[in-house]
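The structure tokens that follow cover one protein chain in two forms, given apart as structure 1 and structure 2.
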Structure 1
Amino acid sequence: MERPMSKECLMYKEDFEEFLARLIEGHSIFCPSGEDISPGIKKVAGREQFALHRGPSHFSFKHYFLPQTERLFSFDMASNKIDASNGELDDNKLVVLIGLRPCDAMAIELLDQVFLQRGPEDVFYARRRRRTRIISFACSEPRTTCFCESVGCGPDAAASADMVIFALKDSYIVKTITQCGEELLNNTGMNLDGVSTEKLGEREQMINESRDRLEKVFTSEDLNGKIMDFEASYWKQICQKCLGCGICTYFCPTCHCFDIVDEVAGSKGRRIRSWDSCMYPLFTLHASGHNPRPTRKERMRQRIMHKFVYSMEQYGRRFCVGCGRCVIHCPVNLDLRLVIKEIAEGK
């Protein structure tokens, strides 16, 4: 996307509510639903439904671009017909994702590399991505499990965002990042003031305080060389607690492995794409019965290596954004930050 000179405006609380109302009028708006019985990503029908989290939301916005289960097409072998229609994807209405934190916005940038920039485009991902605008919120209160600065992100990172909003005590600073973001703001017809030096200072203080809360748990130098030892004893130690449940990969905003199956009844059927996980024994099971990753040791090693080594070789980026969801949701408290420390220390 073309990136113009960034533009910054000031919004007060009543301005922001009006901004939301005008966005809802002409766009499909999605935001985090809140940490309730069924947390997820929801479509916003009214401005009162907008939920702003203090830190990363329960689920990432990967769910929007890469649904957990998705019908690719249906077919009828009797009539040799294929139906690839999709009501959601066939709707050309502009979609706005709002409420992402910088780590989730950066995760989308990484998924773009997988589904758009290497080899043939994934048509389903591409159609969602190209009609979507992203409004992220700078992180003012990172959780104790956040470690974004250790992996090249940060509380004010603007990766993949068209617009970044900084929530201050009584107002918001709105910063457009791309041409699409500037058009989105202009199309609302909002008449906004410039940002005063005082407000800029308040923003700088907020970001600095956020950075102070983020522990620098490891650096790139910690991993260089040491993680490449396939037979190191720490791999066996690290996997001892792991249940192999795959919850870390399902909550991760950058994990993107999937399986494809055909569900058939009689002459009719449909092809389904569903999330999969490298932590499952069947993930690499060959038709011959051989499995190159027969135990949790190999599967844990694969997950860590994919995040921090193989992704660097393929894309020049580490596929971890430090959101901490894998730390929060692991049922046996297997902490990725401690895993990396153990590897760095060669334990």
Structure 2
Amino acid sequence: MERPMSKECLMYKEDFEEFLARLIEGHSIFCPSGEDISPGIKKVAGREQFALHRGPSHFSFKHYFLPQTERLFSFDMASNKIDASNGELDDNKLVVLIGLRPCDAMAIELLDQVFLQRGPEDVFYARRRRRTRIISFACSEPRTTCFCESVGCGPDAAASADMVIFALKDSYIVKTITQCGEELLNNTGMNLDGVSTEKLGEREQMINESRDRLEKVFTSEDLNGKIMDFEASYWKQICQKCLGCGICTYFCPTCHCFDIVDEVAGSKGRRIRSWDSCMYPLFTLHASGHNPRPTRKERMRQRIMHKFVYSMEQYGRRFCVGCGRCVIHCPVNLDLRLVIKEIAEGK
């Protein structure tokens, strides 16, 4: 979003404590809550509330930018009056998201494409995004379901981060990526040293170990060229197991489809948008009764082709960051990695 400005410095444990304390003093800080209750992020009021989780957190940070349910405006049906005021959005105080992994940070870059860059901006997304700074943590403990490298992300990817922190054994390397990141660091007034060759070596080893842990069920080469064929017979096979529950889309950090509905109590109401899913038949059902995606086959094909084919045409990007949440949470163990592998092998 701005000119790159990369700078690295070293923090020891006590420096990091001080850094967090000073950040909390001047900003609204959010980190993963560590709980499996939506929205999965919490405001950090004190240092003790910040804890780094292993691998990607339970939920991504999509909840922050695109809440599961959001009021677009309120209205009064009797007077036909609309109230679009929104105190939360009017608050321009800087917000810092800290502790997300590179995959979830990259997902924000992809959501930017949808809500900021393709056409008119989405005011709700834009307001939150503009006041937000992102401090991601390089990933030292990917899970067995992770496949970020296969989709062009990686344990040390810096996409959309203003600052990336590498947590080493007894110290931290802080890498500022953007000018905002640099300002954030400078404003804490910390006096920090550069990074020694020894520490750089420790980081390299950490990232390499992370990479080695990532299972390469499919590789980025498998995604090159014409990877998926709309007419292919495999779609009928792939969807057999799918229940159509949509949990994959709810956990996906890049799935952004939403519904708009009115909620009414008496003469007052509000128009809200809420997450929706292409895995549901109602998603595309016309009022006439016609449905262009009548069965799970078409809906599964839509989800996968949107992520890996259509998004390339629309935004020049694949809408998958390899976080593996769809693999973890699928109730019938439908593993996206195996699906892609099978497709690539033409099964």
Partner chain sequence: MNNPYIPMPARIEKITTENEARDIKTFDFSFVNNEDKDGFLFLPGQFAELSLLGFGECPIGIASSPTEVGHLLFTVKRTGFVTKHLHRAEVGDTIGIRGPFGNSYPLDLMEGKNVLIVGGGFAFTTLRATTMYMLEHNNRGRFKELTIVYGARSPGELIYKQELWDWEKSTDLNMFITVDKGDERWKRREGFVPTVLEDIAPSSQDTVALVCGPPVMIKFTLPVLQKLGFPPERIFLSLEMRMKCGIGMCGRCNIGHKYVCVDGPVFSCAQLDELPQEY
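Only the largest set of C-alpha atoms that superpose within 1.5 Å between the two forms is called the rigid core. Numbers given to residues start at 1 and step along the sequence of structure 1. Values in this document were obtained by computation on a predicted structure and should not be read as measured data.
- The form predicted on its own corresponds to structure 1, not structure 2.
- When the rigid core is held fixed, the Cα atom of residue 120 travels less than 2 angstroms between the two structures.
- Comparing the forms between the two structures on their rigid core, the Cα displacement of residue 265 reaches 2 Å or more.
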